[in-house]
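The data below hold one chain only, encoded as structure tokens and taken in the form predicted on its own.
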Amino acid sequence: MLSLPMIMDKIVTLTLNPALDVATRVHAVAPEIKLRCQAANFDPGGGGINVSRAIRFLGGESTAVYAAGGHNGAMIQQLLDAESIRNRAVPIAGITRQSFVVYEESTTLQYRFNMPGPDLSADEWIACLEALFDLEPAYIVASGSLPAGVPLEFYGEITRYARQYDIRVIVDTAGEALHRSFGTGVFLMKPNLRELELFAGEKLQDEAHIKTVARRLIAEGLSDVLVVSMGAAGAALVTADRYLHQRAPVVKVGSKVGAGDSMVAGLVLRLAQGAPLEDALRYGVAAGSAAVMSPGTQLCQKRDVDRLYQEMAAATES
């Protein structure tokens, strides 16, 4: 494996709409009867929190900043503390949401229920911003949905401010919040193919088309780096003058929950360690693939990531 420096630039993640993730199993889902579920697993969740957890599992360090309210928010903090993840909870009046995942054993299908988060007041989301920049990060991972009450320009405003201090911002969200980040100086975005098509306003036909469209969007100011997630086909990393495609290894699917967040964790961890882009891409794809192997809401595990990374590196060299 590539030898990397021990010193790592500080990574801070931001999650305005975290969730207490609850996962269980049942033999079969059916209406209007009591379903006898297995014992539930509880995990702290939400985009940035997932990234911080995955970074920790990979042997790195980050600090998770998040809005937290009520018993769910308190439980998220307890779970993060139990995993020795540095975190800063910003108190809010509302109750932090739950998400619920049910695995149906008879069909191997997975049912995912995401609750809406509480509204945030202006004082609350401003307090989250203050907590974020008080930590003086080198990398900010702004990830996940924006709760009601938070302006859609929020991630873009973070980026504009961070750019003044040479802080690299990675934005991983969807919908209008992602579009409002266009042209603000984002360092890295990780759209999937569908999101890239929405940005481009056209259907992507093949890999050459992806490369052309991604470079055009970079020239127009979308971000410095685009990592386009292609599912089982892996991911492409695009800059103004480079195009790298890393195919994903073939793995047994346990659950796709958390794969994108694990990929972001692998990417930012390697970049913060000073690795080149091609290595960060390979490690990110390994982390995302390792997460797919895990059941329920579990994220990537380091032993799986390291094995997949080594296999991909060997395949590239052969």
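Nothing here was measured: the structure is a model prediction, and the numbers come from that model. One rule holds for the numbers: they count along the sequence shown, beginning at 1.
Not on display, but discussed next: the form predicted together with a small molecule.
Among Ala122, Met115, Ala240, Ala232, the residue placing a heavy atom within 4.5 Å of the small molecule in the model of the complex is Ala232. A heavy atom within 4.5 Å of the small molecule in the model of the complex is found for exactly one of Ala68, Leu271, Ala259, Leu58: Ala259. Stretch 250 to 258 is the answer when you ask which of 250 to 258, 271 to 279, 59 to 67, 28 to 36 has residues with heavy atoms within 4.5 Å of the small molecule in the model of the complex.
Taking non-hydrogen atoms only, Asn192 approaches the small molecule to within 4.5 angstroms in the model of the complex. Of the heavy atoms in Ile49, none are within 4.5 Å of the small molecule in the model of the complex. In the model of the complex, the small molecule sits within 4.5 Å of a heavy atom belonging to Val285. In the model of the complex, Leu267 stays away from the small molecule, with no heavy atom inside 4.5 Å.
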